[in-house]
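Take a look at this one chain, the form predicted alone, written out in structure tokens.
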């Protein structure tokens, strides 16, 4: 767990333009956008909630939730990512409050939100226990803690089929001049706890230790979201999962 905060910040800043292109493409894909809204409705229901999106990146999930009528605050520690997120939200007329901050040291008081959500963030953080403890702290009693993550490294090591699909994905990404979070793996992957952790079993042990309740894991998230060319580029992993629990 010796991946430094500075290293991660520099990496995300350096790759924010590529990641933003990937995200904007998804926001402009009607099927993908509706898939995300369907998943978010299953998680949060219909009633408007005060939700914190942790590690918002270019703002995809925050924008989706805002368009569904939720009051959304979105946090990221990368200035470049926040700049893209603000532009993306403005372009779509989405009302989101963007805040710069650390996902493992949140600048909010206890019980500030009805719910917390995060996508593809926990696996990059040096201390997942500290991060999840913080996420629990800022939600109200019986509030919901949800995140989307994956067992990407282990799946590549175990599955010949996934490795083959990964090669196709890498080729397509290069041809179309798009990049994705694989750059983060290449830059600091050897230092990440998630490289060797068996997930989501590892996550469940942490969540149970934090006395979170009603824990549920759903799999196949990428397969629900991506279609067409984007499915070939980004949706081939079966190890992507969504965790839901309550304080």
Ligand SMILES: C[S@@+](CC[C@H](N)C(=O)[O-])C[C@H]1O[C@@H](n2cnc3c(N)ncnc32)[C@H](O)[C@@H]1O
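Positions refer to the first chain, counted from 1. Keep in mind that this is a model prediction, so the values were computed, not measured.
The next section is about a form of this same protein that is not shown, the form predicted together with this ligand.
This ligand is not shown here, and in the model of the complex it never comes within 4.5 Å of any heavy atom of residue 136. Not displayed here, this ligand is kept clear of residue 132 by more than 4.5 Å at the level of heavy atoms in the model of the complex. Proximity of residue 120 to this ligand in the model of the complex: non-hydrogen atoms within 4.5 Å are present. Heavy atoms of residue 88 never reach within 4.5 Å of this ligand in the model of the complex, leaving it off the interface. With this ligand left out of view, the stretch that reaches within 4.5 Å of it through heavy atoms in the model of the complex is, among 137 to 145, 71 to 79, 89 to 97, 108 to 116, 71 to 79. Residues are counted as partner-facing when one of their heavy atoms sits within 4.5 Å of this ligand in the model of the complex; in 84 to 109 these are 101, 102, 103, in sequence order.
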